[in-house]
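Before any questions on how it binds or moves, here is one chain, the form predicted on its own, in structure tokens.
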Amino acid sequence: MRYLILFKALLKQEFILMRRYLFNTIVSLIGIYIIFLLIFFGAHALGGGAPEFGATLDAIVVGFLVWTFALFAYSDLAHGMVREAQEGTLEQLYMSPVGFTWVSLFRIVSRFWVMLTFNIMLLVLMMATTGRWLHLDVVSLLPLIVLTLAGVHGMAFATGGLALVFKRVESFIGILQFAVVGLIAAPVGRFPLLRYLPLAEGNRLIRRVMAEGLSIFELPATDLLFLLANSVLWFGLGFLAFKLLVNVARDRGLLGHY
């Protein structure tokens, strides 16, 4: 019961912050949309006349959508850790009756639903701009997105642990942004080994659902099982790194101050 109360409280907090700081929310949406416009018009200028440009455009829309999910997923936890440390509430969270790990985990889950709301609005804007109305099968897309982001959340936990120990990790998060772009753009079909990296396989399957109109039941079972195993592996590695780094931060007395 207390876990449900914790989840509801964190989810409520996320939506309250998004509404209270509405100007920042709107500016974030507009800023990410402008980045998409730059990519879209750049791609259109380079290959707009090519017959295969429609398929490329679908890939750009899907890839950009996955990138925004991943961007928020891996950076929010670390930024939240730093913010809690600056505000002096990090130690209180660590002393929570449910445990700091559960607080961090439910924060990620609650943030996911905020991201989902944000990205639905962004996706509608992108499809209206490009004129490419993709196949939106919620039953197929939601589990694929959750599995794809599970590996990214492993990265988020590892980055959050680094933030607890080193406090200033903005440069590292900035480098990860470029790494995430590379993972999304990875040519999995040409280089099968790349599918073992986080995001690559999930992005490919999401693109098949949205651009090709397939359902999750039409995707190969081996691909789905591979995505599940891959995401669990990367999430587990990131979570293990988080636990180790939390212990380091605790032993060094870094949880009570910035």
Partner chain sequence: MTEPVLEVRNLTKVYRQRRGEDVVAVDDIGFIIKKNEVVGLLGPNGAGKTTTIKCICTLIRPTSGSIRINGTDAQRNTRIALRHVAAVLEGNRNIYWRLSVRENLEFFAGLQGIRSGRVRSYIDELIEMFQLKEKERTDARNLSRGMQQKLAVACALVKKTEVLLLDEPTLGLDVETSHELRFALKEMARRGERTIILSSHDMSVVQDICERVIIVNNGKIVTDDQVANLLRLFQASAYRFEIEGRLSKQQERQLEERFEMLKISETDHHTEIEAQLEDGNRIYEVMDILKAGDSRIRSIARKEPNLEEIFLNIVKGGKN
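We call the rigid core the largest set of C-alpha positions that still match within 1.5 Å between the two forms. Bear in mind the structure is a predicted one, so any value in this text is a computation, not a measurement. Numbering follows the first chain given and starts at 1.
Not pictured, yet referred to below: the form predicted in complex with its partner chain.
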Triplet Q13, E84 and N247 all within 4.5 Å of its partner chain in the model of the complex via a heavy atom: yes
Its partner chain contact in the model of the complex: G174, any heavy atom under 4.5 Å: no
Partner contact for T129 in the model of the complex: its partner chain, 4.5 angstroms, heavy atom: no
4.5 Å heavy atom contact, A158 to its partner chain in the model of the complex: no
Touches its partner chain in the model of the complex: P143 (any heavy atom, 4.5 Å): no
Proximity to its partner chain in the model of the complex (heavy atom, within 4.5 Å), stretch among 149 to 157, 85 to 93, 134 to 142, 70 to 78: 85 to 93
Sole residue of V109, V103, L116, V124 within 4.5 Å of its partner chain in the model of the complex, by heavy atom: V103
Contacts with its partner chain in the model of the complex, stretch 138 to 155 (heavy atom within 4.5 Å): none
Q86 C-alpha moves between the shown form and the other one by 2 Å or more, core aligned: yes
Yes/no, K167 Cα shift of 2 Å or more between the shown form and the other one with rigid core fixed: yes
